[in-house]
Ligand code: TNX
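We begin with a single chain expressed as structure tokens, specifically the form predicted alone.
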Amino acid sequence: MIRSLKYYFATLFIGILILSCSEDINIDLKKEDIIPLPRRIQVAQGSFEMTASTPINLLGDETKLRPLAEYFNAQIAKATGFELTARSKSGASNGINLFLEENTDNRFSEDYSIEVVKQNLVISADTEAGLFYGIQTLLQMLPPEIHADGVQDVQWLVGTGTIRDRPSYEYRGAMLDVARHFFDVADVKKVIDYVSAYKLNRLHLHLTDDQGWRIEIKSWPDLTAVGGQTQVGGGEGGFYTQEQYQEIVDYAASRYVTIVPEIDLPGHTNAALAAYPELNCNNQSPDLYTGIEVGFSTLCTDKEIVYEFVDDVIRELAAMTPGEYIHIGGDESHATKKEDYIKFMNRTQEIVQNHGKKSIGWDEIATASMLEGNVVQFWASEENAKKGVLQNAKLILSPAKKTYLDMQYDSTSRIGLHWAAYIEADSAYLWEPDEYVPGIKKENIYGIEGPLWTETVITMDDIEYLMFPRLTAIAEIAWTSKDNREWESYSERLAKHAEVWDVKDINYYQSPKINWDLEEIEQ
């Protein structure tokens, strides 16, 4: 991957022969609980120990590398008590080496390599994102106590060997619905931490629905003043100011996660209609809605003021969203006549394009005319997915029967729905994106996303219960190559990886499909 590293790596591995000795503690990298599974792992003898005196050597552009060193230090500080010194170097030396070789041909690459010998650990990549993912792997190679809130009496050892890794799909995401139940900035940041730890690079925020409008639009202030004040079950709701939304966007960027905001149109719009009756065909405000039924609301697609509204909303949202996509919804608009729906979605795509962004829409959007570069998110209709491909649209796969994180695991699950399916841990893992819809091949697929709708989700404990372990299945399907994935390996790694969740006090679901008995697994 990086030509100039060959000298460093050759030097480092000669060091294995010189520095290794019989009393070394050997750690088999292939038996580590790394999720998603890297593309290639080679094992060597011995281990590398991180101590308080271990330096972080910055090989490359210091202004780009130093934030990554600071991130790593922040992740290990509480458990180790260490603050490792980050220093600029011209070549690899003893310590943890972050090597950034900016190859302009691979400026969007997320590939990384890790080389570990007794005295040296090198993470190398062409981009900062690649280095960040290498750091995530390193954190999983360290003992699970690295995630503890207090200093641990642990030897911080990492197995020696080589890891070469790259993702299978460009778009790897999760979705959080903050419209049905509202979650504050701190909760969203925690979700960003969860998704980034497993090398997911998009967080889709479902910001508007019948039950609530969650993003401040200054040119239409009643969207939040009226439409943001309730949620499912009648709670007080809430919304993000533009400053708070910017805080979320910036925090996500620091974890190499791009926020994809969704304004669901033209259906799922009761909150907007309650705030502004002129968007309704009868010019009357409906009551605020706190139920969970769908398909009854629609913007009045014949009114010009509706398009002025859409233009203002997209303009303000695009201005504070650095990512290239705005999600415009388009699902379950049963109250909109088909011809009106097509007219509306065609014009809305043009509005998004006029503000310098591309559109993503749920698979119903493929019944309209897709503009170049726009994306269809398949969730239900295989026919619509195929229509998208015929229009040269890219596809995000979010099949409800496999990826919807709000589905119950089984009939005993304490929260969740089951209208699509019960999705146990094995069901979430055992499917292939390029085989799921006949006729849709890997080259048609932009990526994978796991949506978490929140009709029954109220607390962070609820989010964790439904996300874990299934979020890791989505992450591995999106990252790890098809020929490198199999259930037995994943389930064994997952059982060991649960030690991390125990240390972090994550409220995960202990699926009966997984053997959680580590003693039995290791025999």
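Residues carry their position along the shown sequence, with the first being 1. In this text the structure is predicted, and so the values were computed from the model without any measurement.
Here the subject shifts to the form predicted together with the ligand, a form of this protein not shown in this document.
Asker: Spot the stretch among 324-332, 248-256, 71-79, 235-243 with residues whose non-hydrogen atoms come within 4.5 Å of the ligand in the model of the complex.
Answerer: Contact-bearing stretch, as computed: 324-332.
Asker: Considering non-hydrogen atoms and a 4.5 Å limit, which listed residue (406, 110, 449, 115) is close to the ligand in the model of the complex?
Answerer: Answer to the contact question: 406.
Asker: Sort through 276, 289, 379, 194 and report the residue having a heavy atom within 4.5 Å of the ligand in the model of the complex.
Answerer: The option sitting close enough to the partner is 379.
Asker: When the contact criterion is heavy atoms within 4.5 Å, does residue 171 count as touching the ligand in the model of the complex?
Answerer: Contact with the ligand, no.
Asker: Does any heavy atom of residue 294 come within 4.5 Å of a heavy atom of the ligand in the model of the complex?
Answerer: The answer is yes: residue 294 has a heavy atom within 4.5 Å of the ligand.
Asker: State yes or no: in the model of the complex, is some non-hydrogen atom of residue 402 no more than 4.5 angstroms from a non-hydrogen atom of the ligand?
Answerer: No, residue 402 sits far enough from the ligand in the model of the complex that none of its heavy atoms falls within 4.5 Å.
Asker: Evaluate residue 453 for contact with the ligand in the model of the complex, applying a 4.5 angstroms cut-off between non-hydrogen atoms, and reply yes or no.
Answerer: Heavy-atom contact with the ligand at 4.5 Å: present for residue 453.
Asker: Counting only heavy atoms, which residues in 175-196 are within 4.5 Å of the ligand in the model of the complex?
Answerer: Sequence-ordered list has one entry, 180.
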